[in-house]
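The chain below stands alone and is given in structure tokens; this is the form predicted alone.
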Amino acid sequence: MEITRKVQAGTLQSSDLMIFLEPADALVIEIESTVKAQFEHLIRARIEAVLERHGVRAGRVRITDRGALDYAIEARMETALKRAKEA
């Protein structure tokens, strides 16, 4: 799958996250989180798993996390990716 346009999904409320996707030449993942010191590696792993499942090889992924759980991270990524490939 290719990210063809700039999109976002999610909110900035507590226990949620906002995801921004946009086209890029390489895959870049940027994470800003209130729990970054403790959980950045888990957030990144979840994001990378969703990207791999969809075959995404390039794009800029920016995450602003407010303590979202795994299922919320995955759901927001799925929504953003669906929006990014829609015409």
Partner chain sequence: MVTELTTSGDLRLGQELVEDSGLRFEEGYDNLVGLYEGPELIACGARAGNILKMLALRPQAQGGAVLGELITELVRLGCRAGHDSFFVFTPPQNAPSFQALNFRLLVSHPKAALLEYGQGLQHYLAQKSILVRRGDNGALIANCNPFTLGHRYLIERAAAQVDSLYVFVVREDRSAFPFEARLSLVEAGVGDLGNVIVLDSSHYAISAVTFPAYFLKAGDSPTQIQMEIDLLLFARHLAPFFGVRRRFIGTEPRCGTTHRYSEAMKRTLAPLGIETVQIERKTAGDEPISAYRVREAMARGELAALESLLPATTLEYIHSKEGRQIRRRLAEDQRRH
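Note that the coordinates shown come from a computational prediction; the quantities given were computed from them, not determined experimentally. Positions refer to the first chain, counted from 1.
Just so it is clear, the following notes concern the form predicted in complex with the partner chain, a form of the same protein that is not shown.
Though the partner is left out of this view, residue 50 does not reach within 4.5 Å of the partner chain in the predicted bound form, counting heavy atoms only. Residue 8 belongs to the set of residues with a heavy atom inside 4.5 Å of the partner chain in the predicted bound form. Within this chain, residue 40 is remote from the site of the partner chain in the predicted bound form, having no heavy atom within 4.5 Å.
At least one heavy atom of residue 62 is located within 4.5 Å of the partner chain in the predicted bound form.
Three-residue candidate spot 18, 30 and 66; every residue lies within 4.5 angstroms of the partner chain in the predicted bound form by at least one non-hydrogen atom.
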